[in-house]
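For this one, two forms of the same chain are given in structure tokens, first as structure 1 and then as structure 2.
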Structure 1
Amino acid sequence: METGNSPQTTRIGWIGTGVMGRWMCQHLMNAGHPATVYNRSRDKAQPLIDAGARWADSPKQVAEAADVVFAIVGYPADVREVFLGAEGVLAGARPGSILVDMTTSEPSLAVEIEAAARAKGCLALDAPVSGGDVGAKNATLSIMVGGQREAFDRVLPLFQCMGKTIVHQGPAGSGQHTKMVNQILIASTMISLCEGLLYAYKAGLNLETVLQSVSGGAAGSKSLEIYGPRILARNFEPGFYVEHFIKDMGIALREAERLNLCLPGLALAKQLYEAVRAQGYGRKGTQALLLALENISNVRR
């Protein structure tokens, strides 16, 4: 695998240089790994090109120039095109390459990509992350990895450039399933958070003193810590987009259906976030659920 400038470096490919991928690729480059990059809109890749990355015109061309190819793009349809399309990674990957999808996507698609990779003598990992743009920038992501242990072990030094908590969760699809668990945990917690603060407001309480009382105990959560102060400041700018969260919950609900699993809280959360989007807040942060709940109850502030 190590075919770069020194025994410690790996020729990497990077597809998707948005708010997350841009930093993740930069960390790998900072560690000395030569990178070839592709992004749907080239301008977002420019900072990496300026920092020394080679540009390629397609995922296929990225794969031709790299031994480990990472992608972090948008929706499952994008993942499918990037890996399995005519100009996709597998069209260019040589035997022995490792394909790593870090997009939050469908577990079943991860299984499909891994099978296609094996058929070409390659390995594949699904490795979605949590931690957001701040985690990407500070290399403190949690990386949830599915796929063969051998592939995990070989990519681990690269993951360590990008994340802090890196766990092999099992065979192909397990990384995506773990990310779904993560999103399910967040989904109803966001309902709790927004309903609790809305109740506090309507009950005439002082929201800051309420947070003093409740944050440190059993009601405390990372969501409350992150979004409580933003909601108090009426700051609904995106940390994590409503529309991306809807995508993730949709994947989780389809998987749950496939697993014969009734998840009423997740279903409600998805419906409420559909209301958030319908009210025009799809490009706001997930804390904009508060706005939708206010509108539902005709609360005017």
Structure 2
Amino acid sequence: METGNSPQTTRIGWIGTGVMGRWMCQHLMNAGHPATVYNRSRDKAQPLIDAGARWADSPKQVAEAADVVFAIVGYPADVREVFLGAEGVLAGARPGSILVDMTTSEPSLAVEIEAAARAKGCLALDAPVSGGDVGAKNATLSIMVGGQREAFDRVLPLFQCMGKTIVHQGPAGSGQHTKMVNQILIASTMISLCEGLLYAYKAGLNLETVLQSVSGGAAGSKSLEIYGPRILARNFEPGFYVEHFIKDMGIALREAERLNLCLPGLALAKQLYEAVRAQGYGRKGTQALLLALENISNVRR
């Protein structure tokens, strides 16, 4: 398989066609790669089917029709079922296939999947991403990859259809560990972003001019750039779900405990996001943290 050199002969499989997966798969199809797709809700895969993708009734069927199988699903339990279940990818994969999990999941599970893949003569990568829905739509994702270098080199042309920053981090699980670093960094940043804009509102400032000033200084960040305007517009729809962010922070905290690390900032962020979910915003975007902070301070808008 000459991945990337001859798109018409490199067949891709895609599992998980939600907020991000739909666009990531679309970019590969736009590059000429025939695609077979699966999602628990077929309606979310319909745009890809309308664009020419074939539908499969299970992850196993996806693997039977593909050379490289990608998945981006919700939780580690979903990842386990998709790859290792009775109707999972490994049940249908042929020797020589490459399996790529782009879900943010547990490093230990990535190691387990890679070992199971090797036992069947396949290669596996853990390749979680950062950049949210905007990065997925614009093919500007940061892709953090763990697994054998051989597999990385073969899949790199496909990754380049989806992202701009693509780094091989080391052996299986390294991509997931790197994503934990990413999520730890974002967690406290989102607190400061929402608290800062809430302060500006209560102080009676013009939020648009405040954003203009602070985004160009030392307080500027990618989170401020992407989520600041959404907060100002009271747009709390998901680029990344609150409930998935809570999942990620939980993984990071368990890994920190295993490493004998104390991460109080991350623990605080997770508790604040638990409040967001308790108030009914689990399926909103991470910027919905503002709503919980408004409730704590009794700010009514």
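Here the rigid core means the biggest group of C-alpha atoms that line up within 1.5 Å when the two forms are laid on top of each other. Computed from a predicted model, the values in this text were never measured in an experiment. Numbering runs along the sequence of structure 1, starting at 1.
- The first of the two standalone chains is derived from the form predicted in complex with a further copy of the same chain.
- Of the two rigid parts, the smaller turns 12 degrees against the larger between structure 1 and structure 2, judged by C-alpha superposition.
- Superposed on the rigid core, the forms differ at Arg283: its CA is offset by 2.8 Å between structure 1 and structure 2.
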